[in-house]
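First comes one chain, alone, set out as structure tokens in the form predicted alone.
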């Protein structure tokens, strides 16, 4: 039996620092997705919200929050939280109910209003919380981990700060034509290298900001799509939401150490397994992929993800980048949207924003940044505490 579901509509609220309640952004994105789908709000029978972590009900019960804001219509609701993989896990929840025959049309929405500066745990003494401990014991902000990953690439594969800067230059150029991107300005490698060092070897322009924003997706059963005259909609072929296996020999945020090695090498690293599970479910391989939207919290992390998705062999991402293969017009464009480099982090929304971008690309609607002949797209995100997500879409 096919696990495909149809993507009927997608929508976003532009990302930036708007200072408004996150619900307002989510409603804009949801209404845009409904309009794109040509589906009435009263036809939606399931709302899945990506949780916005707040000290109050509005964020923690996001499904009901958005359902109320759009106007009660009797839909079932669910709420997901999985850090940066939130949107994909929310999408998987909706897909599961559709495939089970318990729902026909679902709205999945994530939105956030972020604090200024780096994301940090809530205040309080929580000695059993690794995320809190890393700040308390080591002062390890997210960029400090990004720097460790970057240094690892430099030591293992000969990556340079100039390579990291090239990633930013590429993504900034891609984002110029994206109306939803926060940063729409071309930069040079010299600009990146001249920006302040945040966590050596990463500069300020190597690291994504935090942003306000929202994204929404309307999915439905293939039968519903056919009954409503959508003969060849974009389809979700796979959603992978896997966890590591022992031993997990590469440090993952927010952990302070790896698992015990014991002389046994895992068949795949954690992040490699995320993509592998998606490819296996979709019945395709990396050679079938037309474009990728990946989790570029830092420029160096994008290079890691290119290899984790098996778009090239381990240690070859820099060569792919230097040859122009990951830019628009290249063999496998990566982050044609501009990526988080141009959007910034709005945690519950970013995995859904990737699905929006891939949908537009597969429809041929990504004006000014279109990947010619795009047929298959893959996304990748990593969550906190050892889980991640990958979504494969095709048309």
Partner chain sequence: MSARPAIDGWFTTGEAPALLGSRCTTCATTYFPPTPTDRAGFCRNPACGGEEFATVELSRRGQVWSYTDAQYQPPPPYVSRTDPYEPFALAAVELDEGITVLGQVADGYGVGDLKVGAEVELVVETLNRADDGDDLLIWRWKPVTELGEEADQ
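Positions refer to the first chain, counted from 1. Keep in mind it's a predicted model, so treat the numbers as computed, not measured.
Beyond the structure shown, there is the form predicted together with its partner chain, which is absent from this document and is the topic of what follows.
Scanning 138, 102, 194, 319 against its partner chain in the model of the complex with a 4.5 Å heavy atom cut-off leaves one residue, 138. Think of it this way: in the model of the complex, its partner chain has a heavy atom of just one of 176, 77, 251, 284 within 4.5 Å, and the residue is 251. With its partner chain omitted here, the record of contacts in the model of the complex names 147 to 155 of 78 to 86, 147 to 155, 285 to 293, 233 to 241, defined by a heavy atom within 4.5 Å. For a residue to qualify, one of its non-hydrogen atoms must sit within 4.5 Å of its partner chain in the model of the complex; all three of 133, 200 and 255 qualify. By the criterion of a heavy atom within 4.5 Å, residue 325 is excluded from the residues contacting its partner chain in the model of the complex. With a 4.5 Å cutoff on heavy atoms, residue 128 counts as touching its partner chain in the model of the complex. Its partner chain in the model of the complex is not approached by residue 314, whose heavy atoms all lie more than 4.5 angstroms from it. None of the heavy atoms of residue 227 is located within 4.5 Å of its partner chain in the model of the complex.
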